[in-house]
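Okay, so here's just one chain, in structure tokens, the form predicted on its own.
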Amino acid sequence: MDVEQVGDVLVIKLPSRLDAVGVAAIENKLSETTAAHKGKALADMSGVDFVASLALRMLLTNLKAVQSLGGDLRLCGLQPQISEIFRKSRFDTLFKIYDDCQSALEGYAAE
């Protein structure tokens, strides 16, 4: 997991496999990082090619935690198969999802 600050947005590049091992490796760091930032966060999922239900739970938990602090967690770069999982699980109704990081950053800037 790589973290970069772009303006006032925290951009978090997620690893390629968000299975049980992948989630365990980043879950605490992701929670701590987004909670400490308390603002706009963007999960770059452009390199993610596998998500387990644990990953969905982790993302939703972080979304709720960040929103309770007045921030937001948005997603970008979902591969077609990942996008389909989000659509079928209706997670696409919970998150603002963008095609790429640039459009997500522009979405934040427009507010």
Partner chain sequence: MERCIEVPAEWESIARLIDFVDEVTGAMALSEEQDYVMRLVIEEIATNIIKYGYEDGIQGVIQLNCSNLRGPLHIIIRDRGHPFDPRECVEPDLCGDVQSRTIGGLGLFLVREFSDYLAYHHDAGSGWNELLVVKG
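Nothing here was measured: the structure is a model prediction, and the numbers come from that model. Numbering follows the first chain given and starts at 1.
FYI, the form predicted in complex with its partner chain isn't displayed, but the following is about it.
In the model of the complex, its partner chain lies within 4.5 Å of some heavy atom of Arg17.
Within 4.5 Å of any heavy atom of its partner chain in the model of the complex lies no heavy atom of Ala25. Contact annotation for Lys64: at least one heavy atom lies within 4.5 Å of its partner chain in the model of the complex. At the 4.5 Å threshold, heavy atoms of Val51 reach its partner chain in the model of the complex. Of all the residues from 80 to 111, those having a non-hydrogen atom no more than 4.5 Å from its partner chain in the model of the complex are Gln81, Ile82, Glu84, Ile85, Lys88, Ser89, Arg90, Phe91, Leu94.
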